[in-house]
Ligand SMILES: Cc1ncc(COP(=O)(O)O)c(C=O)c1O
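Just one chain is shown here, as structure tokens, and it is the form predicted alone.
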Amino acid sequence: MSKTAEMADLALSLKEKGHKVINMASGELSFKPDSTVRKEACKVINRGDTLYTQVAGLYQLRSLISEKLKKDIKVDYKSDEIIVSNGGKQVIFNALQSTINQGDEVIIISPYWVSYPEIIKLCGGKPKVLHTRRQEGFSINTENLEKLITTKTKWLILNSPTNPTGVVYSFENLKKIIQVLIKYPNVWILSDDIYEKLNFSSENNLNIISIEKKLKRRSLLVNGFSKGYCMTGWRLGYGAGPKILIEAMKKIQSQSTSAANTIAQNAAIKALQLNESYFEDIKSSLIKRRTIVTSALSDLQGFSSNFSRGAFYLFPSIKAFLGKRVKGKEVIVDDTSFCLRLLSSEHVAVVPGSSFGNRGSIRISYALSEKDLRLGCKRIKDFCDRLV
């Protein structure tokens, strides 16, 4: 089980015992899906239109995804170059399972999403980690990236806006990455754009494929409805890439889960028809929530954090608190013990940075209600102030 899921489970366990738990570990927004999406799901159920769809997903849905990608990132994908899956995680698993041979290497950027290395290993591959530095804004050092590329390198995984840091890669950084990738035509690129609608740094999400369309023939774009559309439990993601890759992914999916949920697919058709103002409202709310957290914790000595430009996470360093203890309790030796002690004593759940390949940090989600964020921050400050 991932540390994210483990912390969420511990938080739920405390909640079931009657404690007021502030869950700042969860990667989902507090908003409901738009009413048109929810109403469409009810209509589909009441009509009984709930039979299996094609393995790759409803044709109408894939056509709308094609239109969305052309509008948002100016890249053309035909419907047979798109697959709809049970969440973005399955899209990634399908892609790696259908392409990785035993011992193939996949480069991931630390801090990374917790599931990347585990999915790679499950598919018989070897994760190679490119470490980024907090003092450099977690940007990708392309000289270090090139050093990691070998004849066994099959994929490079990019995620922007990034979980867990909230970093958005700049145009200049992406251009440098492209210059490296052009030298290595056998390396595939997986662009995880799941947080694209939650980019606070620009109106349109920068995508490596839209910057250099020559990379399209060896790239997979991964996206879904969990984050920007507030549809986490609906389990719906999609991938867009070369037909030969999508066909291989369909084979994996047909023998594992088959098609994604029919009700969710129909509802997603309505989601793709939402006006951009829907996302602007969510972003405005998240920016306000980000300010609440950063302001509340700004005067907490030793709690240093880079500025989040997307998604809904902060990734502060807590190294200043390691080696300390709450009176009468054991010493906090690492980020995991910090999180466990914070949860048990203050009932606030956050995730240790070691889960994301970056020790001495924690991930805080500010996707909660403003009231809960203020209470959670107060409890974090109270906890840190008691450490000696």
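Note that the structure is a prediction, hence the values are computed from the model and not measured. One rule holds for the numbers: they count along the sequence shown, beginning at 1.
Unshown form predicted in complex with the ligand; subsequent notes refer to it.
- When you look in the model of the complex, the only residue of 249, 177, 92, 318 with a non-hydrogen atom within 4.5 Å of the ligand is 92.
- For the residues 155, 77, 195, 138, the 4.5 Å heavy atom test against the ligand in the model of the complex is passed only by 195.
- Interface residue remark: residue 159 is counted as part of the site for the ligand in the model of the complex, having a heavy atom within 4.5 Å.
- At a distance threshold of 4.5 angstroms between non-hydrogen atoms, residue 310 is out of contact with the ligand in the model of the complex.
- In the model of the complex, none of the heavy atoms of residue 165 sits within 4.5 Å of a heavy atom of the ligand.
- Proximity of residue 88 to the ligand in the model of the complex falls within the 4.5 Å heavy atom cutoff.
- For the three marked residues, 113, 227 and 235, a heavy atom of each sits within 4.5 Å of the ligand in the model of the complex.
- Comment: 186-194 is the region of 266-274, 249-257, 289-297, 186-194 lying near the ligand in the model of the complex, near meaning a non-hydrogen atom within 4.5 Å.
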